[in-house]
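One chain comes next, on its own, written out as structure tokens in the form predicted on its own.
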Amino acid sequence: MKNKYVDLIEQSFEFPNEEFTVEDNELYWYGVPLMDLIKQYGTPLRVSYLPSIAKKIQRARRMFNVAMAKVDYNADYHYCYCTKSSHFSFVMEEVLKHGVHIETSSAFDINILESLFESGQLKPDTFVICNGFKRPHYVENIQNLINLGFENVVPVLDNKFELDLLLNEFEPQFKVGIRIASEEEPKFDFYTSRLGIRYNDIIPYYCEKIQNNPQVELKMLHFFINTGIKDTAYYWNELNKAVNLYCEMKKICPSLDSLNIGGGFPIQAHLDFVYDYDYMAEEIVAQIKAICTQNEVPEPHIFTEFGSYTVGESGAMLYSIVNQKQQNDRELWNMIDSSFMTTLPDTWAINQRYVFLAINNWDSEYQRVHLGGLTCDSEDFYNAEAHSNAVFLPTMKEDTEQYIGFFHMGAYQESLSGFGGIQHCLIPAPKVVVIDLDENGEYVTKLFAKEQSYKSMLKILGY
């Protein structure tokens, strides 16, 4: 009878795979022995594996370039990284190594770019796509970036008032984009996105405010689908509408040459995840090409804004099980040494699931458990995976440590949990370790941040 944890995983998924392997009953991630990390740094531990970022960038570029070659697409593809997914310096520095362009969301993003420019890591010909609702501080920082000599800053107008703010006491010529207020998914709480300018207003607005203004050049149309790039009638309908609007605009605006298809590729949230990335890239490019050909306008340069896709699969969160509680005849609770609400807030806020695996004891029998965090909040738990309404782990044995890992959680979790700030129930933020490869292809680790101290919390609280 195959009733060991390793049997459960191998029977349920294509396992081992390129990312996960098991040696001596312990899990390896991208070839990194996770138990060695735990022995060196302890838990809870947040890990970022930088080579994953490079791999994702290279894959997307290859897919879109191949797709363009197949249909003889006569324009370029530009990969942008959404800084809001992870602002950490080690992430930004890694993406910039690969010539990636940048998408920003708020004023302080620009301050980060200025710092990277001063250190020589950000080139002034990089496209900087400035999204988000623009308050005066954000506008001022955008203007400063243009004054620094950044020739490809493109503030994307989210509403009809932002252009006046950008023009106020500002003399240089600059490019702009216009964000289309797309329709939300039918099941969403409201019909039209709160972001952007509605379809029927875009052409009149261009004619009134931009067409005859020599200081401003319309460069880009931007549309964003909140649920990301998916093979659904909803997505293809919104893409079709956006491309047709581009064609209509191109006929009256020669400077318009770019379409930004915001909303990124999904990432793997469970081990049996299936998504045909190549097909989606090819279909997007083919549809844009066909609509432009039908309307007799040149194809636009395609910009994508990939945040979670870029950095999500580079992240892992490791915990130890500190205790097991039998709460009734059916429910076993394995208590972790941290909190889901403070380290993986999406599991609590939007019921997000992640790839979840035991780190050690793969040769033990398995049991169904619930996972509980350390806060006194009843919502601080994890008891189901994306593919199953259950969680299984090796059976707990006396005097044996059990460690677990959540993977592909490298996007948004630090910023949503308020990294370095006040955590729920004052549970400290965990250590952060960065993994990279040296010139010999061997992994090297670096401690980026220690576990948060009580002194830092008390200082924030005014003690």
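In this text, residue numbers run from 1 along the sequence as written. Since this is a predicted model, take the numbers as computed values, not measurements.
There is another form of this protein, the form predicted in complex with a small molecule, and it is not shown here; the text below is about that form.
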Q. Would you say all of Glu313, Val355 and Phe407 touch the small molecule in the model of the complex, counting a heavy atom within 4.5 Å as a touch?
A. no
Q | is_contact(Glu305, the small molecule) in the model of the complex, heavy atom dist at most 4.5 Å | A | yes
(Q) Please tell me whether any heavy atom belonging to Ile110 falls inside 4.5 Å of a heavy atom of the small molecule, as the geometry stands in the model of the complex. (A) no
Q: Examine Thr342 and determine whether its closest non-hydrogen atom to the small molecule in the model of the complex is within 4.5 angstroms.
A: no
Q) Is Tyr412 close to the small molecule in the model of the complex, meaning a heavy atom pair under 4.5 Å apart or at it? A) yes
Q: Could you tell me which of 236 to 244, 290 to 298, 262 to 270, 198 to 206 sits within 4.5 Å of the small molecule in the model of the complex, going by non-hydrogen atoms?
A: 262 to 270
**Q.** Contact residue in the model of the complex, chosen from His101, Lys84, Lys250, Lys175 - any heavy atom within 4.5 Å of the small molecule
**A.** Lys84
Q.
Just to confirm, with a 4.5 Å cut-off on non-hydrogen atoms, which of Trp362, Tyr138, Phe224, Tyr382 contacts the small molecule in the model of the complex?
A. Phe224
